[in-house]
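In the block that follows, a single chain appears as structure tokens, in the form predicted alone.
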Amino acid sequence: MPNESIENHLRNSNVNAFSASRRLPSRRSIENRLLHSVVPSFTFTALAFRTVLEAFQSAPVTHSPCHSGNGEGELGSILAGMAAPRLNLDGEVIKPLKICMIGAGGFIGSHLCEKLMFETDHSVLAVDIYSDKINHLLQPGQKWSDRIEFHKLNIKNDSRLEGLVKVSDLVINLAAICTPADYNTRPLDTIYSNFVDALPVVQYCRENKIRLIHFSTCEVYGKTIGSFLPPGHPLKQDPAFYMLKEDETPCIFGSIDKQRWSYACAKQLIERLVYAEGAENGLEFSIVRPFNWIGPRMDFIPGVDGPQDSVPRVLACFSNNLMKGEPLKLVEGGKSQRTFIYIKDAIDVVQRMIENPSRANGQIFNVGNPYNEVTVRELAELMTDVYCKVSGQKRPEQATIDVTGMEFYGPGYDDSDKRIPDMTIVKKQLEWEPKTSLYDLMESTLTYQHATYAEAVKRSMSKTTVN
């Protein structure tokens, strides 16, 4: 019962066992009663134990008419005013942290900020150039208002970043260019954003001995070994040839002229730098490799809250097609296989990384849901069915069309065949597994997309038609 409150636990463990004399029981008596009253499955941490004892012994001796002055009233009053301490996976009391979150205004950052404000006592220095997705958290007068500050700055050229890192207990770096369409058309920006701009963050953490959680990508794995086997080869179905393991799988990229790998190469190089800082200079770090985190507030819809000519990632791209009543475009027939995980599940494990440093430090974590594996074509069919359900629209006669990578992304396109994460390390270290099915996460996400964007998309289409 690690989450049971101390108060309820002690009540259920027979507080009446305390001395019924008119004076408070001795410290030794309290210790013996508390230690022998806890059931085997309950971890009563040293700090929580001391807190109860010190508060109890420092309380004035009063006589409650309800309890005949036997000490139970005093203990009950003290415990009633105490919130049950939150414990980590090792039964240790979780201390509030000041977290510098770079990229807090994005998709992942906004959900992580919510989690930290709603469910913890941690404070956040939210760093980003946009705050739209966390504005609801920044409104004054909320119970967490003194625990979150927004700092509008670009980490490329703002000296204030070092000062924010120095006053923090933990840095989480989410900043990145991570839209596949940009990898071909903006390879220099992609490399600078994901490697060069991340260098000072690592340096500041190392110099000031600040722990770092660095967000990477599943794309660092590149292509699977199985992708080099002939079509139809039986070993393509062997997990050893496609399952991606943090500590074993080689990172295999395409040729240099395939600019699509600019992102993955930059991300891999910054991972190697972070790892080397840990090995040579003692940097405390964790690296996160997300596998297609999906949910509300992901990406943008072109012409509504993003540039008209931009191409977002697959979920937002398909959502845009569905709201416009257009067929979903399947690059190279949609044969690539992917897994998808609900953002709420993924944020749960990030919180575990934050609050269990002894288990997370020095680790690289795949975070995905291998049970939610589909081809991109199957994903398109599922999204069409779910969107028709949540929107009330009829299913289109032609739900999808095939396009080439050249047509969709331009020159330099390349891709991996499968991205299926092995989850052994995260399950062992952080005792975590994803929960949400692919259908449920799509229903939740597309309900949000429809409610948030459908009318705006219609207006945008009307303006385009008029012009």
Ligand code: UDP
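When you see a residue number, it is the position in the sequence shown, counting from 1. Predicted model, so just to flag it, every value in this text is computed and none were measured.
Same protein, other form: the form predicted in complex with the named molecule, not shown, and the subject of what follows.
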- Of 204, 285, 365, 318, which residue is found within 4.5 angstroms of the named molecule in the predicted bound form when only non-hydrogen atoms are counted? 318
- Quick one: from 345, 355, 219, 271, grab the residue that has a heavy atom within 4.5 Å of the named molecule in the predicted bound form. 219
- If you check in the predicted bound form, is residue 148 within 4.5 Å of the named molecule, heavy atoms only? no
- in the predicted bound form, residue 260 touching the named molecule (heavy atom, 4.5 Å): yes
- Query: For residue 331, is any heavy atom within 4.5 Å of the named molecule in the predicted bound form, or not?
  - Reply: yes
- Item | the named molecule contact in the predicted bound form: residue 372, any heavy atom under 4.5 Å | no
- Query: Which residues, if any, of 375-409 lie within 4.5 Å of the named molecule in the predicted bound form when only heavy atoms count?
  - Reply: 376, 408, 409
